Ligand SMILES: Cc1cc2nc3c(=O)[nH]c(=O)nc-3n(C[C@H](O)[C@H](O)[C@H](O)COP(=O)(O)OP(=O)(O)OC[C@H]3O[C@@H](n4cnc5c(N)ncnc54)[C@H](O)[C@@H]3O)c2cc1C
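Presented as structure tokens, the chain that follows is alone, the form predicted alone.
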């Protein structure tokens, strides 16, 4: 078992998708001595997008890869979401991080700021990223590799092809042509509001996200800039499915967007009312929660095509774990590829890796469902059975989150690789 891996130079790894998962994987592979090429269809300077939350499980990975210190000062760090009652009193706290408990607080940072830093690191480390280069289709998968074609007709051979191209993955379509993302029935509408425009009372806590209950569903506010001068403000509730064109029209309809936010405003807390009235129209966006059916495998039959991140397991954003789980995917896969013995095939290693990762994804999806129910309108919550709504445990100490924030990926991978090497010696 060796981290240097004599077979590394013989692996020609291609990654489709240059977002968080694709660039993160390229950096993780580079840290283990692998060379790879990333193909991204969008320009290097992507469009603006909202903020994401990076929790201790991913920040530990980013720290290991030499990224954390570069982004820490570009976002807002905090520990927990404060849960309010209708009078504005804090009833509970949902931990999303804790430096004391898990070594790191959670970091809320604009997605494009994070991606820009990943791009810079790829440039600095000599990682080959090709922008405005669109993947078309796979020609064939062989025992020793994959042949695929770009949109301009260029044909490329590689040893391993990795899909990091998101929930609507074109690479996944080659492996699972009949599987498509499924709308969960929940729509989020949110936008940005300046801190100085909020009607803040003594009860309001401005050092982290806050969830205010309401007859029409919970309303969430969260700082999303390095100085907390701007806040995300939004709500979610059940909404009928739309066509792609229908979602596009709603996203461009200011009357609909403001109407969705304003519904039931008279029963909202003063700070929420001020957020709704002062939200920047140009910043408002919609997010229709989609997920994927559970994939039988995160790879092709030959194991030379690997699927990860949202392409393998799209997670609704309620837990803020989408990007975090993608980073767990890429770090653990790169570590496994470097640690496995030469006698362990890529296909066998990926099969075990998927089982390990799927266990966590399944548990996280269960947690996501309970947290989504916590955001439902109060009358809808009353119809649910006991155990279907998230409950704070351990007196609010945060210990119930240890399984999520301390996954011990290195230990599990090292132990499995050692077991495989021991079996090879016996055989």
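From a predicted model like this one, the values you see are computed outputs, not experimental measurements. Numbering follows the first chain given and starts at 1.
One more form of this protein exists, namely the form predicted together with the ligand; it is left out here, but the text below deals with it.
Comment: 320-328 is the region of 234-242, 320-328, 205-213, 298-306 lying near the ligand in the predicted complex, near meaning a non-hydrogen atom within 4.5 Å. Residue 417 falls outside the set of residues with a heavy atom inside 4.5 Å of the ligand in the predicted complex. Using a 4.5 Å cutoff between non-hydrogen atoms, residue 99 does not count as a contact of the ligand in the predicted complex. Contact between residue 166 and the ligand in the predicted complex is found at the 4.5 Å heavy atom cutoff. Using a 4.5 Å cutoff between non-hydrogen atoms, residue 25 does not count as a contact of the ligand in the predicted complex. With the partner omitted from this view, the residue of 147, 133, 112, 278 that lies near the ligand in the predicted complex is 133 [heavy atom within 4.5 Å].
Think of it this way: in the predicted complex, the ligand has a heavy atom of just one of 62, 52, 376, 29 within 4.5 Å, and the residue is 52. Contacts with the ligand in the predicted complex, taken as any heavy atom within 4.5 Å, map to no residue of 209-230.
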